[in-house]
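Read the single chain below, which is given as structure tokens and is the form predicted alone.
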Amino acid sequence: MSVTRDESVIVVGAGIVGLCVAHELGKAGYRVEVIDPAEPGSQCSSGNAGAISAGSVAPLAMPGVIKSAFKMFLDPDSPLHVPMHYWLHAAPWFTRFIAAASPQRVGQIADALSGLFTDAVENHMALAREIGCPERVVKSGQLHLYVDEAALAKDAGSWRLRESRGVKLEMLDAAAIREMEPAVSERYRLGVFMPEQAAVTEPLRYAQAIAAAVRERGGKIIRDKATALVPQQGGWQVQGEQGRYQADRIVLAAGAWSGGLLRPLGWHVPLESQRGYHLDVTEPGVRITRPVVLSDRKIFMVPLETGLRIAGTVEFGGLAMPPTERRALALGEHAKEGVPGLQLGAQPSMWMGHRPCMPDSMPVLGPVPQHEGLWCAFGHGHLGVTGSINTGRLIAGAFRGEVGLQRFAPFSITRFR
């Protein structure tokens, strides 16, 4: 397929995934418009932990974890929680979540995610150089900490899954942990270090730099809320609150809001918002040098240019429920137990955002059948930063005719029918 400047694409969504798609399509010669009601990268893409976890190929639903997960869901103060009023709404999602935990399906998911994340670290580093901020992506590795052998054994299946897909792991004892991260509590006696993982030093600024590159290449970023996707003769129209926009093709990358735009077209995807929280501490009083995961607390601690970010928790409740402040504050208490010298300050900055999660931990990527010209790029869950660059490259490659549609088969929207 030849690419001409007459071919236009609207990317609905200006998060990290949508921006990477727009950037790659602009490089390929397409006329690109990005539509989002908020500033580029200012929503979930600004509040994530910044980890580029190419080794995170194990789905959230693993054999043996379902029972413990549901116990946590019922506890309002646990790292995983579903409010009672939301259980009925979320039941179909959890049904599919349980189904995804079969050993055969877990292996298929791990293979698909491994393929999607291949070279993600190197590709992000190349993108950062290309857009003029090479210092913003660092290959620092990622450290997961455990209190004892029993705690590590609970995650043994996911570590075996990673290692079997080529992820490099190093097992650490207490002395090695303290040498790597002296500030960590001595209660953590075992660690798993993934040396080939990376991190973004400031997620919002990274997204803004990609957005600037889109504009420099002639792309437009429009502040408007898409309300409908309307097929037309030879193309598509995006109806917004402020106007209507025409294009030959659409890439839907609206994160947790993508399902609502697909329903009028007859597609019902099991997409849920896993509401994530973070605390930003500008003067933590301790030095953490890489993403550190306290496995018993289910939290990430990540050094940023602006201080230390403490991120984590999973809360269901949809897009309209107000943030639960105590869940954000609990992150700080958990972090202080893991890093005794941590100083939160009088008023750490609190944030809540909507991670777009599918029950099988895989995004929806590729064309929508019976709707020529409509493509999906949403549902990356906790791994939006990780999967964004390769998602953009795959879609641009498919538009150019260089990537076959079979590459998208594991991620197809049809897997839910």
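When you see a residue number, it is the position in the sequence shown, counting from 1. Bear in mind that the values here come from a model prediction, so they are computed numbers and not experimental data.
Same protein, other form: the form predicted in complex with a small molecule, not shown, and the subject of what follows.
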Check: Considering the small molecule in the predicted complex, which of 358, 57, 389, 383 comes within 4.5 Å of it through any heavy atom?
Finding: 383
Check: Among the candidate residues 308, 311, 145, 137, which is the single one with a non-hydrogen atom no more than 4.5 Å from the small molecule in the predicted complex?
Finding: 311
Next item on the list: Report yes if any heavy atom of residue 9 sits within 4.5 Å of a heavy atom of the small molecule in the predicted complex; otherwise report no.
Entry: no
Note to self: Contact with the small molecule in the predicted complex for residue 369, defined as at least one heavy atom pair within 4.5 Å: yes or no?
What the structure shows: no
Notebook entry, point to check: Is residue 277 close to the small molecule in the predicted complex, meaning a heavy atom pair under 4.5 Å apart or at it?
Noted result: yes
Note to self: Taking any heavy atom pair closer than or equal to 4.5 Å as contact, tell me whether residue 299 reaches the small molecule in the predicted complex.
What the structure shows: no
Check: Heavy atoms within 4.5 Å of the small molecule in the predicted complex: which stretch among 83-91, 223-231, 155-163, 210-218?
Finding: 223-231
